[in-house]
Every structure is written in structure tokens, then in C-alpha cells.
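Here we start with a single chain on its own, the form predicted alone, put down as C-alpha cells.
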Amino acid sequence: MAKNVYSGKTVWIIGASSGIGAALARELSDRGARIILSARRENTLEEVLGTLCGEGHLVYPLDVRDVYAVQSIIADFQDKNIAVDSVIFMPALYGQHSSKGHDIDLIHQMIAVNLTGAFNLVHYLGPFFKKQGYGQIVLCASIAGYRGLPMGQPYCATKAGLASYAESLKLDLKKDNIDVKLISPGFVRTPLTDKNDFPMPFMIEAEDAAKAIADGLNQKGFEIHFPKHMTILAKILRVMPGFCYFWVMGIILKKITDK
């Protein structure tokens, strides 16, 4: 894809302080976009800002769990007449899989960041885009949301919810000239996956994930999924009859728990 395809476009990346979000900010700035960076850690956002190509990029610290902070940022865009072409929701909280489960407070935090945060965003972003007359909402789920995975709750549940939410938004917002896309990554080397102590097949680097996303944002398809070897296998599991799926997952679970 041509490097200047994003020239003149403004992309707001939420969850841009590390991992895929930070890599995507660099990739899109290299392709000509102006980037608005958001995440909780302002100092880390400033570091990412220093790695971007071009000028005019902005930093807006944000905790997506705070609905009023989301409202405030979008109100600031309106006050300053900042047009935003695309908003990419990347935040994800993840706890290492364990047969003992998760602390209930961590579960609540995962839901608040991974899922409720997206609702907080779209609640104010939808009217902003409708008034603007166009826009793109991109939600990052995971192939972990395709089906329930062994010891994958609540992460799988939040990502499944996010994917379903994106599908509903796609149907509801098309009439308002708002494009909606879903990102479904497999295993990508990030601070989140660094927590895992189990094999992660077809692992790719965050920079490769960023290239796949940047290429997919301007294409007609709804879902951007990668790496293809992994996502195709996951899609086969998704359509597998229940009794077959649970048999396969039972084998995998036994291998994990027997380690």
C-alpha cells in the first residue's frame, strides 16, 4: 500500500503506549497520518510521540474506564474543530491464565477496560461522528473471542463481547456514514503475551501486526485478522460442532494442566 494513503488523515489510537498500539502509531505516521495518542501513562505516550514521523501529533492521556474523561476529550475535539477520521480502540487488560482462576477484582477491571471502555468511547464518539458526517470506529478484539478457551475466562468473554458489539455497530451505523471494523489478532509479541507460560503458535511481532492493520483499515472487509495461519485454524474451531470442539479443547487442557 502506498505510504501516503493516510496523508491528511487524523487517527486517534487509544491504547497507544505500548505493544500493537504503539507500533500502529508509528506505522500510520510513517504512512502520512496525524496521530492522536491516548492511554493512561502520559510519560510513555510522550516517548511514543518522539518516535513518530511528521508533525502535528497530539497526546491526550485517557483511562477508558472513566466515561467523563472520554466525554471531555471528545468535547475538546469539538471545541478545537479537530476532525478525526478513524478511532482505534486497542486497550486490553489481561491476567495470566491459571487453573485457579482470577481474583474477582481483576475480573472486574478486565471487563471495565476491555469491554465497558469501548461502550464509554462509542457513547460519545457516535454523536461526534454523526455531526461530523463521517468516521471510522475500529475495535480490537482477539481470536480468543471466537470461542471459549481453556482457562481463558474472563479475557475470552470480554473479547467475544467486543466482537459482537462491533457487529451490531456495523449494522446500526452504516446509515450514518460511519464505518466499523473489527481487529482479531492471534499471538503477537507484546507485554501482554509476555505473561504467558504456554506455547503460542505462529507468534508475530507488533510491527507486523501494525502493518496488517494499516493495510486493512482502508479495505472493504469488516474483520482484520492475522496471522492468517493462526486465524484460519481458529475460524475452523469456531464453526466446529460443540461435541468436537469440547473434545479437542479437552485434549489441549490436559496437556496444559499436566505440564
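These figures come from a predicted structure and were not determined experimentally. Start at 1 and count along the sequence shown; that's the residue number.
From this point on, the text means the form predicted in complex with a small molecule, which you will not see here.
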item: In the model of the complex, residue 65 touching the small molecule (heavy atom, 4.5 Å); value: yes
item: Partner contact for residue 10 in the model of the complex: the small molecule, 4.5 angstroms, heavy atom; value: no
item: Non-hydrogen atom contact residue 115 with the small molecule in the model of the complex at 4.5 angstroms; value: no
item: Exercise: residue 229 in contact with the small molecule in the model of the complex, heavy atom 4.5 Å; value: no
item: Stretch in contact, per heavy atom within 4.5 angstroms of the small molecule in the model of the complex, of 169 to 177, 134 to 142, 75 to 83, 119 to 127; value: 134 to 142
item: 152, 237 and 250 each touching the small molecule in the model of the complex (heavy atom, 4.5 Å); value: no
item: Single option in 163, 107, 156, 93 placed near the small molecule in the model of the complex, where near means a heavy atom within 4.5 Å; value: 93
